[in-house]
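Only one chain is included here, represented as structure tokens and corresponding to the form predicted alone.
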Amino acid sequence: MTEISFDNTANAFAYKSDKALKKANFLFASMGYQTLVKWGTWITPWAIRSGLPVKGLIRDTIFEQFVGGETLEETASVAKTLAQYQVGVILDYGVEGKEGEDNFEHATEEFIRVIRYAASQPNIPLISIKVTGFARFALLEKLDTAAGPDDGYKARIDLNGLSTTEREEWNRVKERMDRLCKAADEHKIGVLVDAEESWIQTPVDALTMQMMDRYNRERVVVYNTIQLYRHDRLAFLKGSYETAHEKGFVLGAKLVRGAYMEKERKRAEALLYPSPIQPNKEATDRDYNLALEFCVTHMEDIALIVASHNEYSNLFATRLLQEKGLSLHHPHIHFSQLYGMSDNISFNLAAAGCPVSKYLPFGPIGDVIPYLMRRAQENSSVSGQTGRELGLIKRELERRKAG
């Protein structure tokens, strides 16, 4: 059995110069101060909106750490560097929250442009999309309200409550999704459909399952994102597998812990309904690892992306593969972490022969600010995350100094 260690800092930071490593050290040290992060995440978006000259500072610090560039073409240098260490790229057009039919069409065409670009590069196997990039939030919310508990994995969408205009609008959403998936199929690029808030997730799930039914037959094109910090998602994963198995297509499953916990809890409390979130982190970790085990057990029919910054879960996945006699480079397995975080996981997995990619957003600084603020908050609030990153960076700086 191949033993993988995430303590090898020489592997983890080989792609960073001494200068870049020192900048990362300063940034993560700063994010360790919750008060500083709290003020920064409030002031920064305001400063951008007000036209204050802060973009240069942002570009040289948090943007450089977590984003691939302002344009698609600027991501090329990052992708080229990562390729030297057998690490791929998952491209993400990081613009969020722009509604209106013109914006939806623009986003769809931009996603297709990203697909075509990815196909022209040697180490960009996947791209990420958000259905809210080309569908109105309120329409998804209305569809979700009418949905039954298993409509998501059964690929059912109830249109009975929609007006004629809304049905036409939904047809345009479906056409955009199909256009994207068709382009991805033609260019042999995988599409990861991001998870959304729980109160719009069912139509997103149903539409994604419909696309899998259409495109995940000859090869795996479409992946759904399953957030295991929701207490119902392990059952959803198993239901999705049953549907895929019954209909004869491969289920694409990207497993994450989750991204909307505080928002979900606050909304549930305000509207007096049971929170969809797990009662504690232990329950989330348990379901995540059970989901890994389920996917590896059914690997012939499930294409799995282990999208996690949890060291144990990544090691657990590699052990499961080996215990079942499967290759670490099985065509239905892929690992992923965010660019700028958990390099000790990504680069040591790659060194062991695992297929791994960094999730790499790009877009104008003003447009990716929401993404950057989430990264700052995440590193400030996740227990031990900043300390672990800092400790590894400091250890590598000391190793280089001694060497």
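These figures come from a predicted structure and were not determined experimentally. All residue numbers are counted from 1 along the displayed sequence.
Omitted from view is the form predicted in complex with a small molecule, to which the following refers.
Checking 95, 155, 292, 195 for any heavy atom within 4.5 Å of the small molecule in the predicted bound form turns up a single hit: 195.
Of the candidates 316, 117, 229, 104, 229 is the one whose heavy atoms come within 4.5 Å of the small molecule in the predicted bound form; the others do not. Proximity of residue 176 to the small molecule in the predicted bound form falls outside the 4.5 Å heavy atom cutoff.
Within this chain, residue 278 lines the site of the small molecule in the predicted bound form, having a heavy atom no more than 4.5 Å away.
Taking non-hydrogen atoms only, residue 321 never approaches the small molecule to within 4.5 angstroms in the predicted bound form. Using a 4.5 Å cutoff between non-hydrogen atoms, residue 79 does not count as a contact of the small molecule in the predicted bound form.
Here the chain stands alone, but in the predicted bound form its contact with the small molecule, taken as any heavy atom within 4.5 Å, falls in 256-264 among 132-140, 321-329, 256-264, 183-191. Every member of the trio 225, 307 and 338 reaches the small molecule in the predicted bound form with some non-hydrogen atom inside 4.5 Å.
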